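Quick setup: one chain, the form predicted alone, written in structure tokens, and binding and motion questions come after.
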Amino acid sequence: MGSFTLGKYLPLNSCIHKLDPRAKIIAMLIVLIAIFIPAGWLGYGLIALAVISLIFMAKLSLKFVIKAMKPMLFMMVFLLVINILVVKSGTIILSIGSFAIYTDAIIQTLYIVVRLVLMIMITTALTATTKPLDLTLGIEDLLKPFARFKVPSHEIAMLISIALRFIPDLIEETQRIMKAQTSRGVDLKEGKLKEKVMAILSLIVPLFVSAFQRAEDLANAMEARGYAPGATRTRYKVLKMERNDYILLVVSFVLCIALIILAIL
């Protein structure tokens, strides 16, 4: 799983690691909203500058963040192919017989790719600098105002935290099963359609069995420790916002407002 970094926490000593998880979650949501504001390339440049600065402040390496984008390469290529086939506006940059590639297709693909890259970078920065338990506490506190509408804030936060925690484990398990099946002579890359389907089944079935086994072990462990959904719970760690947390929120709000102004102008 060395090539998969999303959901992986890095225990480093940085000012970003010490921030309140609620502030980091709210700042991430604000930046994600700002990414979809049509402020042009200047707006994306501002967001990229802010995100890269955040990554360096968190003492994360760019190589670690770039690894999180590898699973999205297929989607980016797929979007490029779809836009080339569908978008027929702008000037022609390449023509082969009746087939032509237009500038608007390339530009729209670049916009989508830049948005995806920025979203992956900010999400990776959040999960790499926030412990899963702190992330659960932060999400639970942010969902508390919805408790009056019978929203189970703790259960939702627990589900999100478990999902993020198990993503790297499932990726590792998938790679382990692929190596085991390859050593038994299963070819996952070549062969006829029927052979590929059987090879994929030989991967999916043990992966599901392993996932269900992990879920059962986790449920038994939580039950053995007296976990009861909906029960009143106390905390050993109480979250408290400090000056740096408010600075992060102000900076994210200012960035979002700046992009709105750029979009209007």
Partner chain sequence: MPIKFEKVSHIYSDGSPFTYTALKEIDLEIIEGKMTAIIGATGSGKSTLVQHLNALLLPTSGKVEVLDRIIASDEKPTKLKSLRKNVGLVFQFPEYQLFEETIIKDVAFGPKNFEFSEEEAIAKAKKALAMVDIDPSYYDKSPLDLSGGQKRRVAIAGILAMDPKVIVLDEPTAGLDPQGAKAIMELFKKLNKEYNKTIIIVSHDMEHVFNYCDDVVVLDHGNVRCHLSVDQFFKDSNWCEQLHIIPPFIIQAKELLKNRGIEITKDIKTVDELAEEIAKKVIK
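Residue numbers count along the first chain shown, from 1. This is a predicted model, so every value here is computed, not measured. Between two forms, the rigid core is defined as the largest C-alpha subset superposing within 1.5 Å.
Another form exists, predicted in complex with the partner chain; not displayed. Remarks below refer to it.
Trainee: Tell me, yes or no, whether P206 is in contact with the partner chain in the model of the complex, where a contact means a heavy atom of each within 4.5 Å.
Mentor: Yes, contact at 4.5 Å.
Trainee: Using a 4.5 angstroms cut-off on non-hydrogen atoms, would T182 count as touching the partner chain in the model of the complex?
Mentor: Result yes; T182 sits at the interface with the partner chain in the model of the complex.
Trainee: Consider I257 of the chain shown here, and say whether it contacts the partner chain in the model of the complex, taking contact as heavy atoms within 4.5 Å.
Mentor: Result no; I257 lies far from the partner chain in the model of the complex.
Trainee: Can you tell me if R115 lies within 4.5 angstroms of the partner chain in the model of the complex, counting non-hydrogen atoms only?
Mentor: No - in the model of the complex, heavy atoms of R115 and the partner chain never come within 4.5 Å of each other.
Trainee: Any chance all of K131, S153 and A157 sit within 4.5 Å of the partner chain in the model of the complex, going by non-hydrogen atoms?
Mentor: The answer is no; none of K131, S153 and A157 reaches the partner chain.
Trainee: If contact means a heavy atom within 4.5 Å, which one of 131 to 139, 86 to 94, 117 to 125, 174 to 182 is the stretch that engages the partner chain in the model of the complex?
Mentor: Only one stretch passes the 4.5 Å heavy-atom test: 174 to 182.
Trainee: Using heavy atoms only and a 4.5 Å cut-off, determine which of L49, L29, L201, L62 is in contact with the partner chain in the model of the complex.
Mentor: Selected option: L201.
Trainee: Of the options M241, I247, C15, L10, which one has a non-hydrogen atom that comes within 4.5 Å of the partner chain in the model of the complex?
Mentor: Going through each option in turn, the one that passes is L10.
Trainee: After fitting the rigid core, is the C-alpha of I55 off by 2 Å or more between the shown form and the other one?
Mentor: No; I55 is a residue whose C-alpha shifts by less than 2 Å between the shown form and the other one when the cores are overlaid.
Trainee: Does the C-alpha of I66 move 2 Å or more between the shown form and the other one once the rigid core is lined up?
Mentor: Shift at I66: below 2 Å after core fit.
Trainee: Relative to the superposed rigid core, does V205 relocate between the shown form and the other one - that is, does its Cα move 2 Å or more?
Mentor: True for V205: a C-alpha shift of 2 Å or more.
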